[in-house]
Ligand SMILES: CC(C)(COP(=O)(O)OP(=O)(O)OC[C@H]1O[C@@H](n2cnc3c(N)ncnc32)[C@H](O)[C@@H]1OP(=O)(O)O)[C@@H](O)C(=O)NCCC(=O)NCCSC(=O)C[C@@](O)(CC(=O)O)C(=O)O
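Just the one chain here, the form predicted on its own, laid out as structure tokens.
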Amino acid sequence: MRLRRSLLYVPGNMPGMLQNIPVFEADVVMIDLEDAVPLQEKDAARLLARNFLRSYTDRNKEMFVRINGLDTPYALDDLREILPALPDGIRLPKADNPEVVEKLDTLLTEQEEQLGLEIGHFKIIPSIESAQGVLNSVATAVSSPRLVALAFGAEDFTASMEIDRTKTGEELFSARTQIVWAAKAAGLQVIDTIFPDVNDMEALRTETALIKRLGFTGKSLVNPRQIEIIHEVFRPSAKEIEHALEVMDAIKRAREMGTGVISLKGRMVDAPVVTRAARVLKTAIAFGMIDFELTDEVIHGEK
């Protein structure tokens, strides 16, 4: 399982921040050519981003590029300049419907053929940023095999809804839930929006804990200082890992007795409980917290 807990935006027109990308401990860095870059600096940002990607060959994290929306005059220039420098993927803003993702898929295929790359080399993370995007998220989630996650953009979403964004986020609950459902049904990871107040770490922790409970697997961010808290929240606790291992041991004993259900400390262990425990263990393994062989046979039993 590829961890994508933290996805850090770095403005494409800021060479000082680009140079620091190798030392940032985010799982993914997204070079931003869209909102963070003024119109008069779009050309310069593309060149800076391209040159950095070409020089950053020994990568210790995934590199995505947020291009401008496909409905703008800048997106095609973004792709032509950036793709030969081989980012891992594209963060697509304004993914209001599946057709937008399909259009990007076609453009990426054309570039892969020209560059002699395997079709599907470039991944896509569409960003859901409007009421229309939320309503179409189920179809968008299955619009391309390149998709590795769905992302939520709350700043544009609240603007489209003509509402204010609060720190407690009640106004985002329905949209977040819909996007999580769409991503989970398609087997994708799901990335929450940024938390804009970089000085309020406790509120960031509270919001990250909330979105983890809703099912999100990662969060976008705008400041490297936010990385540590996000990783802490997504890290399974020792207690969660211990319980998950106990569940696996219990279901193994149950299967040896010829049943798929067993009691563990007074609570029933069956297939859904095992699935949740397996998710905890997969995350712990990805974090390097435990050494455990988690096979399909361990999770589901022998056929």
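Source: prediction; values computed, not measured. One-based numbering along the sequence shown.
Separately, the form predicted in complex with this ligand exists; it is not shown, and the next lines address it.
- For this ligand, fitted onto this chain by superposing the C-alphas round its site in the model of the complex, the count of atoms within 2.4 Å of backbone or C-beta atoms is zero, giving an open pocket.
- Across the options 51-59, 234-242, 30-38, 259-267, residues that bring heavy atoms within 4.5 Å of this ligand in the model of the complex belong to 30-38.
- A residue is said to contact a partner when one of its heavy atoms sits within 4.5 Å of a partner heavy atom; N223 meets this definition for this ligand in the model of the complex.
- In the model of the complex, E99 stays away from this ligand, with no heavy atom inside 4.5 Å.
- Contact check for A154: a heavy atom falls within 4.5 Å of this ligand in the model of the complex.
- Taking the partner from the other structure, this ligand in the model of the complex has a heavy atom within 4.5 Å of a heavy atom of E129.
- The candidate spot formed by V10, F24 and V198 lies fully in contact with this ligand in the model of the complex, as each residue has a heavy atom within 4.5 Å of it.
- Interface residue among I194, V180, I124, I229, judged by heavy atoms within 4.5 Å of this ligand in the model of the complex: I194.
- In the model of the complex, R91 is the single residue of 91-107 with at least one heavy atom within 4.5 Å of this ligand.
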